[in-house]
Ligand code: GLN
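Here you get one chain, nothing else, as structure tokens; it is the form predicted alone.
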């Protein structure tokens, strides 16, 4: 009786090389980096450890699992959903297909908050509202940056709120964040005696007609409700402008992330509503208008 052929052992370096070639052939940018992140996830090690131990053998079960994850990525499933987390503000946030994957450009909202509040950050227990919290990244970073702040995070999705709570527990700020279910597209039903120093928002801003033209990583996997901004992409901004005014303290700030070519229309919406001043438009690292902030006037 002939012996069954033995499986040829695979080293970490050869497994990475093959995976990077496969990913690259499927038009995955940064194929080598993504292969390293997937293998580090499988082995539960740091990416740097793959280099240190590059000639170690990759055990069969882990090799099979690694191949499965590479195949998922080739089908354009986002890397963040495959490994279950994404970095934001140098912190790790758990994510799944129920929440939008945090983007680096959204850090501009936090940067603007820090700039506006730097004079009072150590003296004042701020009240911050995060509208459409998703994974909770904005609310949690705000709570970490302002240890005396009280934060309210709202979302229409119960699944998103559950993920946000999980991340808040992980970063040890759950005791200072109140999570509430609320549809931002309806009249807000927050207690009016809870006025806020600052309202943060990264609302859906993709025009409906453009959704089908998005990259498949986004179009086919990320939650549509977190992407669809209505016919012109501005539906959520109009609702937030109308509602936020009643929930901000005089001289309180409203800070938005905006999509391409939306800063001007959002500014016009604020001006048309009235009662807002110090409207500012800020660019991201690519020079695109990315953040709009404004202040509720005293009058």
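Numbering follows the first chain given and starts at 1. All values reported here derive from a predicted model rather than from experimental measurement.
Below, we turn to the form predicted in complex with the named molecule, even though it does not appear here.
Of the candidate stretches 170 to 178, 199 to 207, 73 to 81, 141 to 149, only 199 to 207 has residues with heavy atoms within 4.5 Å of the named molecule in the predicted bound form. Every residue of the trio 102, 132 and 226 has some heavy atom no more than 4.5 Å from the named molecule in the predicted bound form. The closest non-hydrogen atom of residue 106 lies within 4.5 Å of the named molecule in the predicted bound form.
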